[in-house]
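This document opens with one chain alone, in structure tokens, the form predicted alone.
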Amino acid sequence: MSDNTAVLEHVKESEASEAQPTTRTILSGPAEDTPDQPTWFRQQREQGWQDFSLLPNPTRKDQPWRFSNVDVLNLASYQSGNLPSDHDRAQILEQSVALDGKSGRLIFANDHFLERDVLPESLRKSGVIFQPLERALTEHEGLVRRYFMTQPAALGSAKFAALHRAHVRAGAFVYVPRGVELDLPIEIFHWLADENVAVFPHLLLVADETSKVTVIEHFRSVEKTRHGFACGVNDLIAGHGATVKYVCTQRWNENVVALQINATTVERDASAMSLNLHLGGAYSRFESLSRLVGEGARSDLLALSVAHHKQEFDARTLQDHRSPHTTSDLLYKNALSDRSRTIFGGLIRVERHAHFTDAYQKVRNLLLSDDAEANSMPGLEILADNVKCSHGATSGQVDEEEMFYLLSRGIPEIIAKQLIVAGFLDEVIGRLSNSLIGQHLRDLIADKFRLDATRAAIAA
């Protein structure tokens, strides 16, 4: 461990031995409540299941699901997961390392809590809270209840947000009090460890006035071939003058279907930045709603996707300006090879009286194959005067001169493409202004290209 002040918390052996195998599917209804869950949370779960049961399945005729492969959303085979075996648990703990420095760490597998590096004593004395959601429900019920899933899923996945509400149990609660700054990021790992397991990861992050915090979430699979389903929700709240940075590295294996629903609220003079790296999954949908509710609020929405084979990455966004003098900037970049597909549907909405808004939206697609497909649908809805808004989407192939230059110097074609893609994507990573996390993202992208190079060499 790099943080010598951290205290390691393990799952009790008695808890591991008492865990009973289950074959309960997620369409059988939510799991039984535990006695210490608050009444309001149990009611939330019941309401979530009712809403999920009543809401229709999405179709491609629905505008929020246009171009999407909705056929993959058959959930009949997915079930709640068991506590991982001792072998898988040891492997998970060994591989749950990403950054050299961190303020704290949580590790979950199959929606079971495995381990925690607690915060340094100085942060705990300052009032910073970093706990598994199950524990925070009892120890910090008022704070959790105030912010838990208060924003509707407005971008198409209301049915799956309801399913999440019905099944959620594994997640993290982060609270940073007024004026407190975390110099090092908080890390959270979520793992899929068994065949046909469904997980419902949740993050509730509340940054009070003038505080600063960075959180990075990692989504991974233990095995490369096991099927699975992930349905996650993030609630990010940046209070007056706060600075929040959120980074997601999605590396499920390519037999996983994943949905991630994000709601960010940015209050007066606060800033929130999210950066999502999508590498894994057979089908991965990410919805991001950013609400700028106070004057001077700023939101940066960044995303990178590296798609190959028949992967599909589906992104839907809403930059919702509700107050004057607010700023948002969206930059999404996708690199596609083979028969992969990307979809982007994004809207900038400027509400009435949200004058002097600055809002930008740019999507760029780099096509590395003639069979790759990129669909982009940017849009504007402006209900106020004196605003500056722009949006655009472009798709293009690798520059032939750049490719010729690299090949003529003896660089293999797959390495040349990797270099070009790395340069194409680096603009987004550079926005993060954190060299450690930035290098970690670059390494993950390079790993995916190395895997492709290895497969190509074996095939040859």
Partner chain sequence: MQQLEINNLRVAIGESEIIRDLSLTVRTGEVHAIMGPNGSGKSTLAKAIAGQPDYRVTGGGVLMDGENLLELGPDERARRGLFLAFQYPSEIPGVTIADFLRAAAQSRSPEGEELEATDYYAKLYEKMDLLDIDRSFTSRSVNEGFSGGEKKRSEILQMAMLEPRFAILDETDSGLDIDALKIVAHGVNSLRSPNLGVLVITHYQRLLNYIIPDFVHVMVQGRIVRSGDKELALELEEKGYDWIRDHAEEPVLV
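The model shown is predicted, which means the values in this text are computed figures rather than measured ones. Numbering follows the first chain given and starts at 1.
Keep in mind the form predicted together with its partner chain is missing from the figure; the text below concerns it.
Can any non-hydrogen atom of R409 be found within 4.5 angstroms of its partner chain in the model of the complex? Yes, R409 is a contact residue.
Can D426 be called a contact residue for its partner chain in the model of the complex at 4.5 Å between heavy atoms? Judged by the heavy-atom cut-off of 4.5 Å, D426 is in contact with its partner chain in the model of the complex.
Does the 4.5 Å heavy atom contact test between V70 and its partner chain in the model of the complex come out positive? No, V70 is distant from the partner.
Taking the shortest heavy atom distance, is F404 within 4.5 Å of its partner chain in the model of the complex? So F404 counts as contacting its partner chain.
Please identify, from 428-436, 34-42, 396-404, 51-59, the stretch that has a heavy atom within 4.5 Å of its partner chain in the model of the complex. Residues of 396-404 come within 4.5 Å of the partner.
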